[in-house]
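Before any questions on how it binds or moves, here is one chain, the form predicted on its own, in structure tokens.
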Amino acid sequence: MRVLEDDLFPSTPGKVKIERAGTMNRQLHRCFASTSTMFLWALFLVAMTASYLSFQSFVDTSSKYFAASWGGLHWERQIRASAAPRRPPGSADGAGMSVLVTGAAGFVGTHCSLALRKRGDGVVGIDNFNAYYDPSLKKARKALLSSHGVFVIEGDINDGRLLAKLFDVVPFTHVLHLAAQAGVRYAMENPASYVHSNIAGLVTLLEACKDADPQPAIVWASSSSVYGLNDKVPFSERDRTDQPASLYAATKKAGEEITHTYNHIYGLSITGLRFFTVYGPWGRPDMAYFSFTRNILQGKPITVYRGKDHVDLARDFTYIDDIVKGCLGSLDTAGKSTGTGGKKRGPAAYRIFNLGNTSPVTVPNLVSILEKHLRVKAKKNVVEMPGNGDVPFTHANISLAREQLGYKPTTNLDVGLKKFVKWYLSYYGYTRGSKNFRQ
């Protein structure tokens, strides 16, 4: 044990202290040197990271700027050219309007934009081309509008900067607000999209309109769905609308209350239109008549819903051309907004109209008419209507629109569906000469 202890512990105590002190100094020097080096490396890495993030932010910002779908002198020239009326003041039809159409690449938006342009009004469209249904159909509508001199901006009505820029570039006289998240059943899958488009988007648009100088008159699409669980027919604008049967209906009802508020506070001239089941060429693929046509031609079964006690569902189907007449009549008769710079100067018109056909048709009858024009027998699955927010029937009282707008629908369902089928077969390429597809 002693030998081991001598080996382990040297015999000179002072030497041990000196060696231990030197060892400690060297260790401290190494420690500080290592810490300094690490600190310098850390500073270097922080600087590199900050530089990279700054550069990446610049790249992202630049990419967004260069990839923006709006802005610039060329864009502004396109806007002004599209918005310029072609009807001179004093013409037989009156001075032309400059109309901003939201949802311009949608079904009703496309037809209204074309009708406005045809009669000499200036039209600028805006649409976000969302994927609720096939965006290629919306792109085709945009191409159709472009061929008639209507410029459509790809943008969202929730983009306040874009809307402010539009009103800065063009003093629009009117806004035809048709952009919305449509569909009753889809609301159960994606409720947020309805709040985003039908409420938040509406408020953003109204804010832009009340701040504009001059303020435009506004015509916008409400819906017959606001009548909800009302069982009094035909539906009149004086009926209660406080029992919505779907979230879609609730957002449209909320829209009516919101527009009334902006009319009251800011003097915006506002007209709400309650559409009743619009159909026709370039229509929406999610609508029953459209999907029925597709499935019948493809030999697939269609689902026909039936109400309680085996009652057939009925809708007041309204042909697109009749709806367009109501929209243009509303624009033509809209009084001017009275506000300036967001401040009300006097009372402004606030109106609501039903736009329907006044002739409800049952869904089985609709199918029979399609079978006749397609010359194909449908395979039908008849089931009870689920509790998804749909209502069993709709029927419009249009006496107010007839009186104040001169609104008079002229197209019955048989004639309207014949025109739709002709368009459908042409658009989707059913031109193979089969006897089933001759028109």
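Residue indices: 1-based, along the sequence shown. Predicted model, so just to flag it, every value in this text is computed and none were measured.
What follows is about the form predicted together with a small molecule, which we do not show.
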The small molecule contact at T293 in the predicted bound form, heavy atom, 4.5 Å: no
In the predicted bound form, is there a heavy atom of the small molecule that lies within 4.5 Å of any heavy atom of Q243, even though the partner is absent here? no
Answer yes if any heavy atom of R284 is within 4.5 Å of a heavy atom of the small molecule in the predicted bound form; otherwise answer no. yes
Distance check, T338 to the small molecule in the predicted bound form, heavy atom within 4.5 Å: no
Want to guess which of 95-103, 327-335, 73-81, 182-190 is within 4.5 Å of the small molecule in the predicted bound form, heavy atoms only? 182-190
Contact at F172, K210 and Y262 by the small molecule in the predicted bound form, all three, heavy atom at most 4.5 Å: no
Though the small molecule is not shown, can you say which of T204, N128, T277, S197 has a heavy atom within 4.5 Å of it in the predicted bound form? T277
Let me know the one among T303, S236, N365, S359 whose heavy atoms come within 4.5 Å of the small molecule in the predicted bound form, would you? T303
